[in-house]
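Okay, so here's just one chain, in structure tokens, the form predicted on its own.
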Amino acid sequence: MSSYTFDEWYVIRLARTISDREVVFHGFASPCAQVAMHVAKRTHAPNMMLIEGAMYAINPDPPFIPPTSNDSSLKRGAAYSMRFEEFFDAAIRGDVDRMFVSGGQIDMYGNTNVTAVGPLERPKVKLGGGGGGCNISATIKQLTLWTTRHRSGRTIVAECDFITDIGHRTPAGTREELDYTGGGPQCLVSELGVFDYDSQGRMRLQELWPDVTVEQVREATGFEFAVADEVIPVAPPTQAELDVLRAIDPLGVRRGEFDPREMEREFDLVGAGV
């Protein structure tokens, strides 16, 4: 194929947040993060330790990514299957280098909400809950945040209605003031751009997809964010990365996270044409 779709490029960019030799984990129902981890393991990070979210399997070799993250095929070839409490003990000790975190709301400091939108006593929307993410987000060394719903204008917000997973600063204080040992969010990958966090723990735009403008990002974001001195285009995928992605996710499980209009974004392999 001489072209690729946005969902493919997005997952490959997400995979590139992983460094070789890191211990990396994703949570339940996280297809983009799940596929990204397997892409990283098979490309630039062969020595990473991949922990499958729902199965707690270490370095499995599944034939493909199934539609549910709670599938025994995801344990195939694993070096070991951790018990639930073993993983949480490792995370609290700081032995997990990176976790992927998303949310129905994400604020400027990287706090995320997967609990409820609206007043907690009478929410407009009840979400799935954190499943222990609050505890381990405080101690894991780095967090990669992601969302495919930035464009909606309801996801990247000034303040979360409820904080489920911990960013760099909460109303109760900073990570340092609260004595949290983890490093917090390192970056946020959205369908509009890629952000890092400044010295105050606030989002800063670093990269743009070629069919998106800074103004479009501003319109979809619930607060004023900093912009890097030089905003660079997201580096396009290689043929090798695309081949691995298509092999590990032939069912296109990743696509379930995207609004249908994002699936209309297509690019030329030789450049960034739309």
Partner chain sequence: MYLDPDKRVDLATAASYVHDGHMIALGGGLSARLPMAMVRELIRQGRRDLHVVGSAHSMDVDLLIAAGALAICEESYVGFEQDLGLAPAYRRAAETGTITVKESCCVTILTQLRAAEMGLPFLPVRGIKGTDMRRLHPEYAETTCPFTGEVLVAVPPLKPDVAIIHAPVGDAFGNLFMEQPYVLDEHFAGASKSVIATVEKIVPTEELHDRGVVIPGYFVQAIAEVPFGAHPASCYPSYSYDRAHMSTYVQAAAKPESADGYVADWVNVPGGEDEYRNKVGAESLTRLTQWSESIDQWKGLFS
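Numbering follows the first chain given and starts at 1. Since we're looking at a predicted model, the values are computed, not measured.
In what follows, reference is made to the form predicted together with the partner chain, a form of this protein that is not presented.
Student: Each of 9, 51 and 234 having a non-hydrogen atom within 4.5 Å of the partner chain in the model of the complex: is that the case here?
Tutor: No: none of 9, 51 and 234 comes within 4.5 Å of the partner chain in the model of the complex.
Student: Quick one: does residue 104 come within 4.5 Å of the partner chain in the model of the complex, counting heavy atoms only?
Tutor: Residue-level check for residue 104: no, no contact with the partner chain.
Student: Give a yes or no for residue 194: in the model of the complex, does one of its heavy atoms lie within 4.5 Å of a heavy atom belonging to the partner chain?
Tutor: Residue 194 lies outside the contact set for the partner chain.
Student: Residue-level question: is residue 89 within 4.5 Å of the partner chain in the model of the complex, judged on heavy atoms?
Tutor: Taking the distances in the model of the complex, the answer for residue 89 is yes, it comes within 4.5 Å of the partner chain.
Student: Test of understanding: in the model of the complex, would residue 73 fall inside 4.5 Å of the partner chain by heavy atoms?
Tutor: Judged by the heavy-atom cut-off of 4.5 Å, residue 73 is in contact with the partner chain in the model of the complex.
Student: Considering the partner chain in the model of the complex, find the one stretch among 62-70, 213-221, 234-242, 40-48 with heavy atoms no farther than 4.5 Å from it.
Tutor: Correct option: 62-70.
Student: Within 4.5 Å of the partner chain in the model of the complex, heavy atoms considered, which of 78, 187, 82, 157?
Tutor: Here the answer is residue option 82.
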